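One chain comes next, on its own, written as structure tokens: the form predicted alone.
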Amino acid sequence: MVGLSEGEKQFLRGGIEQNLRADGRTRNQFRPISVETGVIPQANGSARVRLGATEVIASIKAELGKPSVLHPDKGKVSIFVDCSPTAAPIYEGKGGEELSMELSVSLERCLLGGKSGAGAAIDLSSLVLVEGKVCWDLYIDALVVSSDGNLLDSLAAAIKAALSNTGLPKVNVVLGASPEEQPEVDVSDEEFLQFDTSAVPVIVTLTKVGKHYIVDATSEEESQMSSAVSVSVNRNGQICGLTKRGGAGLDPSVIHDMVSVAKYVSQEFISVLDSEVAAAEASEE
């Protein structure tokens, strides 16, 4: 928890009221973002994202598996978040475990449509090689290295960048003589297919401080929030998921306005993120 004096709280709230935050940004501005890809050689894809002083790493591991009985036409994606105790003292012990679980669940809701996979922003059907028989299982592991607010948006950006960096080995499938037989698979060591991230959204969190809501809140700003709404939006401006935290209730008209702002802000954020990812991948070559 960030400890602020009464004067610091008034200064912070007054700046947001005047649309000039403590670090010079307006209410709807993100901090500078930087991206590195391929930071974990053993993974199928990985990325490091820095958003201001917040730093996170995401890695993708792909393994062949079998689709679930309930969703034979879909692959599987699991998201696990770990908050390093070095990122903030509050992450030591139970506090870090609870936040890790909260972030993992929020990311699944916004990117995968929850546990069921219904309405997933990541196309799970593209991960199926043989319906009901063979699919890709993607394990997404994310680590919070340094925390200065807005972890959810940073993690989603890192996951999108890591997926863009992901190459899935080409697989040749030989079907069995009968439908009951498990197909034989030959996984290439040389040919890889790039994961399509065109529909993968970003997350924009609107944090309510006083009468106003702000984008990309710092830890100090989050310490003064009453509630926050996180909206996942793709490049077509479509809403893929939404989650809320904080005890204070919000009027439906306020949520509608927050979603509209998130849709507007997301398009510039996607553009900047795409440019950073392209630059990072070019530097790898």
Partner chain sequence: MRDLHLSLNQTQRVRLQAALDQLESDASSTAAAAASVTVADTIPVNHEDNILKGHGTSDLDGQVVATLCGVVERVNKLVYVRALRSRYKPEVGDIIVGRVIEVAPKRWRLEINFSQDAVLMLSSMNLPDGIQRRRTAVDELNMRSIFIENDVICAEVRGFQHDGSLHLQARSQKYGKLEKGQLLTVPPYLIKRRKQHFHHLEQYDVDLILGCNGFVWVGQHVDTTTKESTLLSDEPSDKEETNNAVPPETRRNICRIANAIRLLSVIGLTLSVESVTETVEESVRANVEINEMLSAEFYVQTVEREAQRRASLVRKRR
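Numbering follows the first chain given and starts at 1. This one's a predicted model, so the numbers in the text were calculated from it and none came from an experiment.
From this point on, the text means the form predicted together with the partner chain, which you will not see here.
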Test of understanding: in the model of the complex, would Ala53 fall inside 4.5 Å of the partner chain by heavy atoms? yes
Please check if Leu4 has a heavy atom lying within 4.5 Å of any heavy atom of the partner chain in the model of the complex. yes
Is Ser126 close to the partner chain in the model of the complex, meaning a heavy atom pair under 4.5 Å apart or at it? no
Phe11 within 4.5 Å of the partner chain in the model of the complex, heavy atoms: yes
Candidate spot Gly15, Gly24 and Ser146, all three in 4.5 Å heavy atom range of the partner chain in the model of the complex? yes
Can you check 25-33, 38-46, 58-66, 234-242 and let me know which stretch has heavy atoms within 4.5 Å of the partner chain in the model of the complex? 25-33
Need the contact residues for 251-276: heavy atom within 4.5 Å of the partner chain in the model of the complex, sequence order, or none if there are none. Glu276
